[in-house]
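Shown next as C-alpha cells: one chain only, the form predicted alone.
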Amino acid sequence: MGILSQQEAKKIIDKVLSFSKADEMSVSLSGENVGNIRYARNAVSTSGDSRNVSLAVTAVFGKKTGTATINEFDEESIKKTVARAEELAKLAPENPEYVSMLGPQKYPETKSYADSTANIDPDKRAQIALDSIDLCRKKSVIAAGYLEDSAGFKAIGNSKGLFGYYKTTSVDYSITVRTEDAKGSGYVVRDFNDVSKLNSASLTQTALQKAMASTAAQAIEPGRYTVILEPTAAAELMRNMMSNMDARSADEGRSFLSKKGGGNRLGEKLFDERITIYSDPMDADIPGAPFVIGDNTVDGRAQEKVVWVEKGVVKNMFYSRFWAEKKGEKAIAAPSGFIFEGGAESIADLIKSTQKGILVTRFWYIRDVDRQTLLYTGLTRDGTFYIEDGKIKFPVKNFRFNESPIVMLNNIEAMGKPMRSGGNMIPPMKIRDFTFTSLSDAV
C-alpha cells in the first residue's frame, strides 16, 4: 500500500475533512516503499524492504492547533483521529504566530518520479552490490557500501479547498574502499531520482583508485593552501550556508545575513561576482517537490524558481508565512535543493592549472564554530592529495580545517562543471587560502 494514486489519496483526504468540526483542518497523506542493501568487508551484511502510508490531521480552533497521526484508513479510525486532533487543539495554548490556511494553489508538475527506480527489486539491489564487491575482490581491497531506494507519494489538502499530490523516487548510494593494510581509503557518494543513472562499478572504481593512491600519506604543515574541493566536499559547506538564508534569523540579528544595527543584507554583494545560486523545482537534474509540506503539517505554498545569489549579490531569502506577513514581504519558501552555477572544466582540468595545492575528496564531522560568520570546523577524509605543477604528487595526512563558506566564496579561483550531490548541483571549486589548522590521523 506504499503508493496511492491521486484519486485514492483525494478520496481519503476528502473523507477526513468531512468529519471536521474545527474552524480549519489540514491533512497530510504520504507513503513510500523503501528498500536497501548494505555490504561490508566485501560481503552483503543486511538488506531490507518496507512499505508504509501515514496520515496526519491538524485541527485549528482560533489560533489553537492540534495534530494527530495514524496509518489505518478505515472510517472508524479516521473519525477517531479527527476527534483526537480536535481534542488536542482545544487543549493547546494559542499560537500567536499562527497564519490561516491557504486556499487552492497552482502547483508545477515536477519530474521527480522514475519507473526504473520504483521497480527496483531485491535482485537489482544485489546486482548493484555485486558489481561493486566483485571489483574490489579482484583488486584485493575491502569495500563497504550502502544503497537505499524509495518510491512514494505526498498529498495535502485542507478545509479551504487546497489539494496537491505528487509522486517521487530517489536512490542514494555510497561506497568506501579501504586497502587491506587500512592505510588507504577512497569514498564516493551519489544520489539520483532515476536509478538508470547509477553505475556502482564505475563509482567503486573511483573509490578504489583513491584508496590505492592514498596509502603512504605524508604529513605536511597545516596552514593556508589553495584547495580543490570535489563537489562532495563543497556541498557540505554550501548546504550549511543555504540553510541559513532565513529572513527572520537575519532580521533578528542571528545570521550571517544580519546587518549591524538591525535589518538584513538583502541586495548586498557578499560574494565573488562569479557566484550565482538558484533553485528550480523543474530542473531536470534535481527535480524537486511542487509544494511545501512540513513535519505532519501542511504549508501548501507552491515551490518556484528563485534566484538566491546573483553575481555575488544576495537577491532573496526565505520567509515563513508569519514573518512574510509581519514584514510585508513575499512568503518565499525554502528550497528543496539548490543549483550552484559553475564552469565547464573537469576536476582534472582544475588540477592541471594548480601550481601548488591540496585536492580534497570529502569533509567529515563538520561542526559549528561561529554561527554568525558561518565558521565551521571538520576533517578531510578518504583521499587527500598534494598537487604540484599541475599534477598530483603524493597523498597527504588528513587535516582539521576551520573555514567559512562566506570566505571561500570570496576566494574562488575557478569552478568546474556542477554535479549532483545530496539533491543539489555543486561544481568542484578551486579556492585560495583555505585554512587547515592541524593534522588528523584519520584515513
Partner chain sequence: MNRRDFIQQASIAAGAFIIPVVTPGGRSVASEALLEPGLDVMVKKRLADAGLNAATAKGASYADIRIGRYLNQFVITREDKVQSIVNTESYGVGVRVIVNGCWGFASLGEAKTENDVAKTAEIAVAIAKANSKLLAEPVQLAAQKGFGEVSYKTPIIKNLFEVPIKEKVDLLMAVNGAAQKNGADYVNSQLFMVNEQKYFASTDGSYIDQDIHRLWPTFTVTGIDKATGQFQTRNSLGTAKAMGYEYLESKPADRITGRKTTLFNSRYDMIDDATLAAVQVKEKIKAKSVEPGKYDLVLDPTHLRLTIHESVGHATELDRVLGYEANFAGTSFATMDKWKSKNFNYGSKIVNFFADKIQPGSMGAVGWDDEGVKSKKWDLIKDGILVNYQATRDQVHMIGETESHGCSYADSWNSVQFQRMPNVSLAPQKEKLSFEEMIKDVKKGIYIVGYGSFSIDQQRYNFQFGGQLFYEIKNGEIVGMLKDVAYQSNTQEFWNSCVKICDDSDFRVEGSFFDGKGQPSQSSCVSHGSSTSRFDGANVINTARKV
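Residue numbers count along the first chain shown, from 1. As the structure is a prediction and not an experimental result, all values here were calculated from the model.
Heads up, the form predicted in complex with the partner chain isn't pictured, but that's what we're talking about next.
Each of 370, 400 and 423 places at least one heavy atom within 4.5 Å of the partner chain in the predicted bound form.
Heavy atoms of residue 130 reach within 4.5 Å of the partner chain in the predicted bound form, making it an interface residue. Within 4.5 Å of any heavy atom of the partner chain in the predicted bound form lies no heavy atom of residue 267. In the predicted bound form, the partner chain sits within 4.5 Å of a heavy atom belonging to residue 31. Taking non-hydrogen atoms only, residue 260 approaches the partner chain to within 4.5 angstroms in the predicted bound form. This chain is drawn without the partner chain; in the predicted bound form, the residue among 105, 353, 119, 243 with a heavy atom within 4.5 Å of it is 243.
Residue 191 is the only one of 236, 191, 283, 349 with a heavy atom lying within 4.5 Å of the partner chain in the predicted bound form. Partner proximity in the predicted bound form, defined as non-hydrogen atoms within 4.5 angstroms of the partner chain, places exactly one of 225-233, 339-347, 353-361, 183-191 at the interface: 183-191. Although the partner chain is not shown here, in the predicted bound form the stretch 51-76 places heavy atoms of 67, 69, 71 within 4.5 Å of it, in sequence order.
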